[in-house]
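First, one chain by itself: the form predicted alone, in structure tokens.
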Amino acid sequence: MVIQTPSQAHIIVLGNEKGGSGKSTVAMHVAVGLLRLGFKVATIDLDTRQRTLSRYFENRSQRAAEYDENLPQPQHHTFQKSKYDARSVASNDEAWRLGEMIGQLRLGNDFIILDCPGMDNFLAREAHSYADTLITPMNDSFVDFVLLGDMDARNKRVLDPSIYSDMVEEQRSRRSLRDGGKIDWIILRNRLSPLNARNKQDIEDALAALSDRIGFRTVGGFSERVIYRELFLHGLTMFDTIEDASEDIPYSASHIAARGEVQQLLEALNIPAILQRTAPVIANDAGPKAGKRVA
């Protein structure tokens, strides 16, 4: 396996037309995890309204300055909505500017991470067409599943791909025409129940049936843990906490389990450059960390 050169920056897109699925939480953890592995990372926040990922990195910068902590930061950009009113003109403007931004960031980074808004719009569709890896977080329920496939409620049989799946297939075709590339699509099952409940098995069966038809991989994601929400306010991730964390971030067994979830996700991306730099490098990072004030 050969580690990618900057000109071959791998593009990871976080996409789901439904809000509240955990896209930005996954984006920030993947970005910091890659930074901790020594990669050069750029991030683009495409949610011009909520700016969740941008606010996270603002919190991170503020904490690093306040506590004099060495917190690795990506080259972050907040994409600006077009100033034009006419839809066609605005779409062309945004498409051109996004392509230019990605082209420039390819030159100095190993990875580019795009965080899409939780809605269907032109900019989100355009971003999907650049993906090498597409991660679609979904809450483990049929409320979220219907975005991927239509179901027969009586027997829970998958009928047809739904609106988001159709959109991804369209962007796969665009990507193939643009440069011959392929999109590795990963469905990340978030908020998994620790119990082997009937609903959990039904969703697993439905995803397996749909995966055979439209081509995606399914990966276990993040459990429902308060710690993920708490760390956002501090601009931290599970890769920034340690056993003797500071007085304002109590460390617990939940941290260990959560860190394991994120490490497993990085490995599940199955990207050769990441697999070469194994997950223990992150867990055993000896540099200054959040939770310890640097003298």
Ligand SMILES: Nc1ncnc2c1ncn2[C@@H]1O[C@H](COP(=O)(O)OP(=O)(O)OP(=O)(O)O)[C@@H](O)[C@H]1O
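When you see a residue number, it is the position in the sequence shown, counting from 1. Everything numeric here is computed off the predicted structure, so don't read it as measured data.
Below: the form predicted together with this ligand, not depicted.
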### Task
Name the stretch: of 34 to 42, 47 to 55, 64 to 72, 264 to 272, exactly one has residues whose heavy atoms fall within 4.5 Å of this ligand in the predicted complex.
47 to 55
### Query
Heavy atom to heavy atom, is R157 within 4.5 Å of this ligand in the predicted complex?
no
### H10 within 4.5 Å of this ligand in the predicted complex, heavy atoms
no
### Message
I'd like to check something about G118: if you look in the predicted complex, is any of its heavy atoms closer than or equal to 4.5 Å to a heavy atom of this ligand?
### Response
yes
### Query
Is R97 one of the residues lying within 4.5 Å of this ligand in the predicted complex, judged by heavy atom distances?
no
### Message
Just to make sure I understand: among 156 to 190, which residues lie within 4.5 Å of this ligand in the predicted complex, judging by heavy atoms?
### Response
N190
